[in-house]
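Quick heads-up: it's one chain on its own, the form predicted on its own, in structure tokens.
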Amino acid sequence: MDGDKKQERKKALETLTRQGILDAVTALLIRDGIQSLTMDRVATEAGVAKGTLYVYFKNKEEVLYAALDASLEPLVVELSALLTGDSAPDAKLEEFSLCHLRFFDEHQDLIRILYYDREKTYSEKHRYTDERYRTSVRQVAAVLDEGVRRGQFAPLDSLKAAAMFIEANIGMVMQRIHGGDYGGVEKDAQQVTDIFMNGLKRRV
């Protein structure tokens, strides 16, 4: 029993230490930018020995990607709950876009740094091979399939359409971040879902 308690304490301490390192990375990035990120500075900011830092992360890039993943986790959880909830399919898509844009607006400073750097330097391991991305595609595809069954949407290749929808939302985020356009989130989210569900053709 004592051995089990020791293991539990050890795991809890490891979790706290890892989270403390990620919090330190976040603080450094927001305060000093991505150029400030070195293993030495992260260790100092986190209050751990540099050797301890290497127990958890192999290099600066791994720390950076772990910080991005940790930052995005609340969004992933919220979107997953939304997509598997009880709302109608069309409402789910509208809520998805609004939730997605709101999250990135609320975390502009950190996400601008992390998201841009990952897109720029991590192209070989693209988001399309990321399991969380693929899970989101499958969940959106399930919503589209449900919409087809209900007669809300025309028959379609749901996996391809789901990827297109997610990419449209990512594109809107990137435009807001790098285009300096911080207009109404609701308006931009509505534009994504309107174009996706109704197309570009003018209706009379």
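So that the term is clear: the rigid core is the largest set of C-alpha atoms that superpose within 1.5 Å between two forms. Predicted model only: the values in this text are computed from it and were never measured. Note that residue numbering follows the sequence shown and begins at 1.
Separately, the form predicted in complex with the DNA exists; it is not shown, and the next lines address it.
Enquirer: Which one of these stretches, 64-72, 161-169, 144-152, 46-54, sits within 4.5 Å of the DNA in the model of the complex when only heavy atoms are counted?
Expert: In the other structure, the partner sits against 46-54.
Enquirer: Answer with one of Met174, Ala27, Met39, Leu156: the residue that has a non-hydrogen atom within 4.5 Å of the DNA in the model of the complex.
Expert: Exactly one listed residue reaches within 4.5 Å, namely Met39.
Enquirer: So, Arg138 and the DNA: in the model of the complex, are they within 4.5 Å at any heavy atom pair?
Expert: Arg138: no contact with the DNA in the model of the complex.
Enquirer: Taking 4.5 angstroms as the cut-off for heavy atoms, does Lys60 touch the DNA in the model of the complex?
Expert: Output for Lys60 is yes: heavy atoms within 4.5 Å of the DNA.
Enquirer: Evaluate Asp23 for contact with the DNA in the model of the complex, applying a 4.5 angstroms cut-off between non-hydrogen atoms, and reply yes or no.
Expert: The answer is no: Asp23 has no heavy atom within 4.5 Å of the DNA.
Enquirer: Just to confirm, Thr17 within 4.5 Å of the DNA in the model of the complex by heavy atoms?
Expert: Contact check for Thr17: yes, within 4.5 Å of the DNA in the model of the complex.
Enquirer: Tell me, please, whether between the shown form and the other one the C-alpha of Leu156 is shifted by 2 Å or more, with the rigid core used for superposition.
Expert: No: Leu156 shifts by under 2 Å between the shown form and the other one.
Enquirer: Please check whether, in the model of the complex, the CA atoms of Ile34 and Glu167 lie closer or farther apart than here, given a change of 3 Å or more.
Expert: Relative to the shown form, the pair is closer.
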